[in-house]
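Consider the single chain below, provided in structure tokens and representing the form predicted alone.
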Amino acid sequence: MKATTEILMPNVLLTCITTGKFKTGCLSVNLLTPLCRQTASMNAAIPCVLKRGTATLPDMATISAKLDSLYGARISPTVRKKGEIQVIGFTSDFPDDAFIPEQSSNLEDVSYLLGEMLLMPSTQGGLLRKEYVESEKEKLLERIRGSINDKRAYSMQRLAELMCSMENYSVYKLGTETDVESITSQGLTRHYSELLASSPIEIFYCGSAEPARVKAALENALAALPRNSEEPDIGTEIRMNSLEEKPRYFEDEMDVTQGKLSIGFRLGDCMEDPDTAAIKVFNAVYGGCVTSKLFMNVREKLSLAYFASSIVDMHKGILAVSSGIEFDKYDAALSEIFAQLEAVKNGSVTDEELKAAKRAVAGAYRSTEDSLGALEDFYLNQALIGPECSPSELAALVEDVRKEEVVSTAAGVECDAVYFLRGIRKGDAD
């Protein structure tokens, strides 16, 4: 498995992961744009609308027939949040030419169809078709409204909104209901044109084709892509320390039977020159795997939570704890979650804990090479924040992390905000 990256055209990078490991190929086209409240909903709507029809394949029926003719290829619109960057575009998977009996140009055909979706949408009077825009608005509204159904994910989303209320990180990747409802065909067409001309683009391919062939296919498919010469200003602002001297506390009430306690921390000084391997191992020791301190103590030993785990966002420099608790165990659970962090800061990490954490993180990185989707996402993250290495190389770095590095990483971590989703109090329900 070999990865190469080269410039396809101004502000367009192509990364090829050449491998014969998979029977299917993967190709994604990703437009990068600043995540902000004013444009998040329009950005999220664009790939969904573009997927509805092109100039030569004007509806979903003709697109479906075309995909069937490409040996059952699939193309999906994508909307992702990477720190304070919104990533929109398409991801496709298709049978690799090496596994198709006759001489095939499946790569070229899929590339051209992706280019057509991106650059030649179905229009009416020069505008994106109104019926497609209105239909996708309704679907987007359903997704936003439905996000509340997963209380664990919803609580983490609310934590980000409240903790980072003055930062673009607080914006949900799909925007808001109000902003979706205000989308018009005229406004979306104008924004689409501006986005196409100004956004940096990251393209990823994984399959058996040589990079030269992939490059040629994409140069042909994207020949009409408008580009301006300005260097884009895009990135994520990292706040090293908590917003206030003491943590801020937030609470919502909802008709739930299990409380969701979410806690946000700033990673601190380690983000000045982040060591991804050390930060990932620290997180695994603290709450990122089934041998972590949160799992073994808060959940198993003390039975203070139904679940308790932590994740790190390397893009933004945030550590977040997610836990499900009984309402009356709030104080005890919160205290113990803080206590386990202090234990790591004080160096109370056994050799067994460190070994298990490194095994979990290294194993997760190595398993990335067994999944096309995971590989695509890994190299997208690498393009945005690094480090410049393969999953296996990063796994090797993880295995070399020392206890002192874990403790040093933990030392700068500061709690910024605590969010609790609790049930409706009896007095409030009357």
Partner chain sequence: MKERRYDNISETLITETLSNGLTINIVPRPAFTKSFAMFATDYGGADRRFKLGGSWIDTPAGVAHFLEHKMFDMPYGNALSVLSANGASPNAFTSSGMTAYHFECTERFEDNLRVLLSFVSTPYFTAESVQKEQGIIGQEICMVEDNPGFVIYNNLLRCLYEYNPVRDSVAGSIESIAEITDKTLYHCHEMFYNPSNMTLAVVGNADPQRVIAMAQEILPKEPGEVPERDYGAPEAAIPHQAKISAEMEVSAPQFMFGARIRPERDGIARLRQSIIGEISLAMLLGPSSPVFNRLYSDGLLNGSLDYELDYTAGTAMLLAGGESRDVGAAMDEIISELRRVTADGLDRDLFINSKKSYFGDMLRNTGSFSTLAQALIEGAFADFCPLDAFEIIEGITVQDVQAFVFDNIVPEKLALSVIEPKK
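Positions refer to the first chain, counted from 1. Keep in mind it's a predicted model, so treat the numbers as computed, not measured.
What follows is about the form predicted together with the partner chain, which we do not show.
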- Item | Whether Lys81, Gly83 and Phe420 all lie within 4.5 angstroms of the partner chain in the predicted complex by heavy atom | no
- Which of 247 to 255, 206 to 214, 117 to 125, 279 to 287 sits within 4.5 Å of the partner chain in the predicted complex, heavy atom basis: 247 to 255
- Answer key, the partner chain contact in the predicted complex at 4.5 Å (heavy atoms) among Phe99, Tyr112, Tyr330, Tyr154: the residue is Phe99
- Query: Only one of Glu300, Glu108, Glu161, Asp313 has a non-hydrogen atom within 4.5 angstroms of the partner chain in the predicted complex; which is it?
  - Reply: Glu300
- Query: Even though the partner chain is not shown here, does Glu167 get within 4.5 Å of it in the predicted complex, heavy atoms only?
  - Reply: no
- So in the predicted complex, does any heavy atom of Gln38 sit within 4.5 Å of the partner chain? no
- Item | Residue contact check: Glu142 to the partner chain in the predicted complex, 4.5 Å heavy atom | yes
- Query: Would Glu326 sit within 4.5 Å of the partner chain in the predicted complex, counting heavy atoms only?
  - Reply: yes
- Task: Scan 198 to 215 and write down, in order along the chain, each residue with a heavy atom lying within 4.5 Å of the partner chain in the predicted complex.
- Result: none
